[in-house]
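Okay, here we've got a single chain as structure tokens, the form predicted on its own, with questions on binding and movement later.
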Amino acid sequence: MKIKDYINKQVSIAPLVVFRIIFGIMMASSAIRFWANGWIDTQFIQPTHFFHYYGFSWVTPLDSTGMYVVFSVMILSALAIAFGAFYRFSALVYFLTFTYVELLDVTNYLNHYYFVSLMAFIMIFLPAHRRFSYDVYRNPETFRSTVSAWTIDAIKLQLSIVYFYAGIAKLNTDWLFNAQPLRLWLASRTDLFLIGPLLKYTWVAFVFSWVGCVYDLVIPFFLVNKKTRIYAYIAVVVFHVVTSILFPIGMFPYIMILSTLIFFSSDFHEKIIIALGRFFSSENLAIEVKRGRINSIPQQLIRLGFALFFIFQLIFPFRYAFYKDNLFWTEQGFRFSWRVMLIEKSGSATFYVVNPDTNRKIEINNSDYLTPLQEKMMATQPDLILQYAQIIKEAFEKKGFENPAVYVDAYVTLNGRSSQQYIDPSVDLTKLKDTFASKNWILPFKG
């Protein structure tokens, strides 16, 4: 098929409508769950310091009331997406509120949060509200029964990137030939009913590792193929249900299970809409009007934007190739690259402040500045260690110290290996700045 023909190809809007409903409900549920578990308080109100993403130090949390307002707006905008109410505005508001929350502290980073931000951004520009929505109820002339095929394929492509790149990331020695970190994680779940006793065996960890790798690499292709789609989706359900039982990864398995329905045929989604329509008066939604522009933004500009967006998605995960030493050790290029559950990394970091005038050395109690989660995450991530050194420096400057030096005695264990010294203990961390350059103050990985 020629590119021009593909661009002009029209398909049923039904899959896009169903995805809109699923996405909105799942995102609202996730935010409500976050609130109910008290995580707004523990992650954004209780901490006195926050770790920032490079270039986003200006993103700071609001006060207690402000953060609860942000989450309230997030929940309402997600529900508005589901109902197709003031859709463009609601999608934009959800994207901004969710992404704002995720930018507040690096220690809360999860791959599925990144996925949600990307998907929320995509949804802003898709005409998912043109059928079975409050917007059409208000203005029936906006109804459409078809959309450009690429608007649905954009969602499929984003999902496929998550799966396929997660598979590529598993093509490493630790995962395939050492079954790490699964050997560690599965051995800790021997208490599980029925399957627990099996999880202590090394061969089971190897089976999980290889099956997981193959699954991620091939599942997008089997989902696209009509003949294998139903079997692939069964595999999706089984895979994510098993991972949700074995590992505490929150809503992500269910988000992926439901999102992957987008690969099914238009007829399948039509049945879902018909079933949902029984609960709503939707006769006025069945008005077909003369085809016009789907978006107020010129279509060519939107298509160009999506092309650049996905080119970036395909290239950005490989930036790690510009850095020396082991990726899992330095973590330069690790985030935002779909490296899902690849490492078990723990460590300890003892910081010291030295007064240059007196050479007095003071050991820092990390709990005076950080929450337990922040301390745990900081101890194994070099950029966070550097940020923390600046936090300590600023705290001691307020106490009257002039130009305090900060050093760290850090040890880290990676995927079951013996603990190794992580950061050069002779380097004054206050003299360093976080950049995209290689961090030569990270000690070499010994394997």
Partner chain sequence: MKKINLIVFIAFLATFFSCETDSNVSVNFSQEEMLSNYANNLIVPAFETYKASTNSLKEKIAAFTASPSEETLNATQEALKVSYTAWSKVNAYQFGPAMGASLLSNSNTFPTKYTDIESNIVANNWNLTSITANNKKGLPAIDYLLSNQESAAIVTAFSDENRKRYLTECVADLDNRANSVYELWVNGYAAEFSANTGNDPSSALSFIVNEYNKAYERCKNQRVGYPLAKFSSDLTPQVSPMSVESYYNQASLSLLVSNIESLENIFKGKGENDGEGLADYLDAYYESGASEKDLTAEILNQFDVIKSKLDACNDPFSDHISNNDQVVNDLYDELTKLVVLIKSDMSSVLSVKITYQDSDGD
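No experiment lies behind these values; they were computed from the predicted model shown. Positions refer to the first chain, counted from 1.
In what follows, reference is made to the form predicted together with the partner chain, a form of this protein that is not presented.
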Pick from Phe268, Tyr254, Tyr231, Phe322: which residue has any heavy atom within 4.5 angstroms of the partner chain in the model of the complex?
Tyr231
In the model of the complex, the residue from Thr260, Thr97, Gln180, Ser90 with a non-hydrogen atom within 4.5 Å of the partner chain is Gln180
In the model of the complex, Glu375 touching the partner chain (heavy atom, 4.5 Å)
yes
Taking heavy atoms only, is Gly416 within 4.5 angstroms of the partner chain in the model of the complex?
yes
Report yes if any heavy atom of Pro317 sits within 4.5 Å of a heavy atom of the partner chain in the model of the complex; otherwise report no.
no
Does any part of Phe310 reach within 4.5 Å of the partner chain in the model of the complex? Heavy atoms only, please.
no
Counting heavy atoms only and using a 4.5 Å cut-off, do Trp185, Ile364 and Phe401 all touch the partner chain in the model of the complex?
yes
Which of 129-137, 67-75, 146-154, 190-198 sits within 4.5 Å of the partner chain in the model of the complex, heavy atom basis
190-198
Sequence-ordered residues of 211-230 touching the partner chain in the model of the complex, heavy atom within 4.5 Å
Val211, Val214, Val218, Phe222, Thr228
